[in-house]
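Form predicted alone, single chain, as structure tokens, below.
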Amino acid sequence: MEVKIEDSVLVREYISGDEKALSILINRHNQRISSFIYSKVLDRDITEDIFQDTFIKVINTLKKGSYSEEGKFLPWVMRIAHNLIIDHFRKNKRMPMFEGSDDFNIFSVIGDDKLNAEKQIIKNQIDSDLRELVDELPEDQREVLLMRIYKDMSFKEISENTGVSINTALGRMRYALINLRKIIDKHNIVLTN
């Protein structure tokens, strides 16, 4: 008979450096969290991406020491997943919000998504600048970032393609983003239009 280790003990072990403890937590709660996410987004790929992004946030919070242990690991992770689901819908504008008024204007709801010439030039310049910044990253971080952002691969696919664990791929993505921010700050670059 196998003894089930409490979530709080596994969290402390992970914070102390035991990577296997996080694997146990992920495997233990995988089905429940994935089912929750899928019930909201109804898409397997998006579910997998949100699940992975949830655990990136979990890892970052635990590594920063910002997690306050109250024996409520699963509800905390579910709240993170819930917030990421909301972010997903906002980003993809699948939750349109209208302000009610008597002088309704159809043009406030619909718009021309095509970029005008000026915006296209700015977008091209930002894309070019970003490609140069990405080239400054270490090879292993650059590889994961390109697969995730430009090839829209899940962390599972990245793991399979690079021959590293999902946790390693998550870590490389995290460090790639941290290093990109440092490079941007160092060069005083503004990547907005």
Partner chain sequence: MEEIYAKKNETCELIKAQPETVQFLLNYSKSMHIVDYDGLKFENNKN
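Positions refer to the first chain, counted from 1. As the structure is a computational prediction, the values presented were derived from the model and not from experiment.
Quick note: we don't show the form predicted in complex with its partner chain, though the next part is all about it.
- A heavy atom within 4.5 Å of its partner chain in the model of the complex is found for one listed residue only; from 131, 151, 156, 63, this is 63.
- Listed residues 30, 165, 161, 125 were compared with its partner chain in the model of the complex; 30 is the one with a heavy atom within 4.5 Å.
- Its partner chain in the model of the complex is approached by residue 56, whose closest heavy atom lies within 4.5 angstroms of it.
- A residue is said to contact a partner when one of its heavy atoms sits within 4.5 Å of a partner heavy atom; residue 141 fails this definition for its partner chain in the model of the complex, lying far away.
- Residue contact with its partner chain in the model of the complex: residue 137 places no heavy atom within 4.5 Å of it.
- The closest heavy atom approach of residue 22 to its partner chain in the model of the complex falls within 4.5 Å.
- Residues are counted as partner-facing when one of their heavy atoms sits within 4.5 Å of its partner chain in the model of the complex; in 35-51 these are 35, 38, 44, 47, 48, 51, in sequence order.
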